[in-house]
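In the form predicted alone, a lone chain appears below as structure tokens.
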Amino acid sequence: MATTVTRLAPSPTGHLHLGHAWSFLCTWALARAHGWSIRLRLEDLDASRASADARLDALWCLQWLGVDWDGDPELQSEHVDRHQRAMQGLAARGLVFEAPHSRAQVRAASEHAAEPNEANAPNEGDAVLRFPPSLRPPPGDSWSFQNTACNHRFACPAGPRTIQDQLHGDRTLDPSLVWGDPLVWMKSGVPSYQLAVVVDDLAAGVTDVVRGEDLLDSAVLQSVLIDALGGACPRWWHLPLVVDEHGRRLAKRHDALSLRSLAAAGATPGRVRRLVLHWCGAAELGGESSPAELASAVAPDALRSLVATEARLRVTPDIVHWLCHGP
């Protein structure tokens, strides 16, 4: 029988917050309730922001929450050779090319062609600058992967693409109208997020990806890359996002809502787990919940109900006070 595998993939670039806790606890609960294996991957390719302290913080946060995993943690930065092999495979099929263009050049080309750019970005939290096909080089040496110190892009086929998400249902998008030819390799000598996550998930045999719904549209693009690499798409589970009292998605700038800060102020992992159950409609606020309670209550139907009702998982001052002071 094939093993069902999911993963936890924190980026050690700052303190993890309640939004991460929600995602990690839901992933862990689904896995442990259904007998999935869990891999832990620390996505530390951003050398300018990743740090050893942040890696230790990520591990501490998971252990504090009661989240465990199977096997040893993996550092993404230790497997760049794997990403290079994937690039070589794409290059052998004529699917990647050197792209030394600046953002200003890309923006100018998009505006000249009246093509979509940042305004048409998916809900990823960061603007997407569309690379138009008009900037592709002519046939020749540029369609290769020889210079690892140069940006490379993937020649994205045009046309709509549909994936099935376990919580949102079908999602149809034409990635070429959003990203154009997406960046897959950076001049810093490492893969882009879009390529790295696909290659590493395939290498780990990941069958189920559980993460925030801000990456739902990225899953469509990643499905195209998976096809190009000859892999099989996982099942996607894109969770509702946690927001602050003003409706803004939590980010690492929300240090007051980081798990470290909350723990220092008196929050307990049992109350954080209770909050997750509350958001799932399985418990009232008050008291604490064990990992076993979480695994039995975070069910796919409860998560689908959250998505269907477009519920906002807000972290209000009252919730923060309860997390830190009870009862």
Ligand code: GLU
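Since this is a predicted model, take the numbers as computed values, not measurements. Don't overthink the numbering: it's just position in the shown sequence, from 1.
Unshown form predicted in complex with the named molecule; subsequent notes refer to it.
Checking Val315, Leu303, Ala9, Ala21 for any heavy atom within 4.5 Å of the named molecule in the predicted bound form turns up a single hit: Ala9. A heavy atom within 4.5 Å of the named molecule in the predicted bound form is found for exactly one of Ala109, Leu215, Leu241, Val128: Leu215. For the three marked residues, Glu43, Tyr193 and Val197, a heavy atom of each sits within 4.5 Å of the named molecule in the predicted bound form. Stretch-level contact analysis of 148 to 156, 130 to 138, 97 to 105, 207 to 215 against the named molecule in the predicted bound form, using heavy atoms and a 4.5 Å limit, identifies 207 to 215.
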